[in-house]
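There is one chain below, alone, in structure tokens, taken in the form predicted on its own.
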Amino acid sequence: MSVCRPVRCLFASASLPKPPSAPKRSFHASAPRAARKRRAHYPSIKAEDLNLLNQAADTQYPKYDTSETTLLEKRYTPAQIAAIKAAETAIDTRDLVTQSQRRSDPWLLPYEDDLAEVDPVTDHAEKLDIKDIPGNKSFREVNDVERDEAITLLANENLAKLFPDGIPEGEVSEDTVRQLEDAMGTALTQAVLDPRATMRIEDDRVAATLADPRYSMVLPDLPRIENRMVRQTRRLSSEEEEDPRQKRLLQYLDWDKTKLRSIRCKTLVVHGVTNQTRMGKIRSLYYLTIAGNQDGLLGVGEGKSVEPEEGRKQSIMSAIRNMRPVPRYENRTTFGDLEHKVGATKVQLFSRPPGFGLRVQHLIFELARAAGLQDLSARTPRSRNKMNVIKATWEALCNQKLPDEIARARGKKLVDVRKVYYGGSVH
């Protein structure tokens, strides 16, 4: 063996050529990890972008100026003013722009923050006594001429509230004519019931208090006369003859027929039952129906009758009456995994990512579609009785533990940081 070869290999600058390796076949459609571009977990905010956030926060949530503070002091107590200022100081308006979002669920209150405003649905004006009226309270009864003039004046004022742009003139539709006739009748009735039409008071301040709803048994505002039962009676009197059960349901829910038709109803279980009596066996049919508006409401109802159509109607009305809200995460799936047991039946529901679909059995599929769920999977490891599966699924969906409730029970504060981590792409 020659000694030159190891020396030549030691002092050689170029390495020996490597044998060509066999190409590796990729079985994945995506690019290899080395070719991917690393993305930051959250977007870094630059100084100019931060200035834009400050401008947007100042535009959407402006600070109180001196005139607004003066108006607030007339309505709220000093302690409430101090609490409002402390809350405004503690909350960062930039966080409201980047992380918060306005509610759009069906259970949203009709007003946002001004809870001091009297609402005819949730708030009731506090009644005041005659001792709270300042000034001279002596009055006299009016004669017929003064009474007619007062009724005419009050009726015109009430019509001006309903038609601020003036009474429509020229060729109008039948609905407008009917609405105008109803408004005139309501305004005239309100004017007759107004105490200012039957008595005359010399003191103007005392006369002005008669128009205050806190002193009157019949509140003078027209929307308070137009209550729910009056609207329901007028609507049902103009409609055709219908099922008495459906009429009671409309009065109970304060709905019309159009909203009732939008409810999705489906009968899932039908079987015959027999009742043994001293007169023999009496056979009847049992129906189990689900109802939902496909936007967060779901109900289950049962019905049983000798007549098939009667039992089915009974189950439908019961399902609509029993509708309860179903919490939905991002309006598509449940808040985490759920498990519920009814009898010997156990139902396990699992939340899934967007686009997963409803991969469940047919009974749970109909319940999820009626409630407005889009991504869900389920298992029924034990008994698969149809009635128990439906009831267990319904109770599991309606009795979910929300993250807000869990955080409140633990004494924590729940903050939604998805808009920060995912750059605002939250569906």
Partner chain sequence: MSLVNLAHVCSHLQNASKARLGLTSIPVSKMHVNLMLGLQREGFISSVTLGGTAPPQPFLLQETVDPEAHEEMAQKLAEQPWAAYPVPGSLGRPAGTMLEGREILHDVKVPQNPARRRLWLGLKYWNNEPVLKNMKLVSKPTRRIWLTSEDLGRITRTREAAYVKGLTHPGECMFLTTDRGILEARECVERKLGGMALCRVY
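Keep in mind it's a predicted model, so treat the numbers as computed, not measured. Numbering follows the first chain given and starts at 1.
Below, we refer to the form predicted together with its partner chain, which is not included among the displayed structures.
A heavy atom within 4.5 Å of its partner chain in the model of the complex is found for exactly one of 335, 286, 139, 255: 335.
Of the candidates 379, 382, 63, 401, 401 is the one whose heavy atoms come within 4.5 Å of its partner chain in the model of the complex; the others do not.
The stretch that touches its partner chain in the model of the complex, counting heavy atoms within 4.5 Å, is 335-343, out of 139-147, 335-343, 187-195, 300-308. Its partner chain is not drawn, but in the model of the complex it has a heavy atom within 4.5 Å of residue 405.
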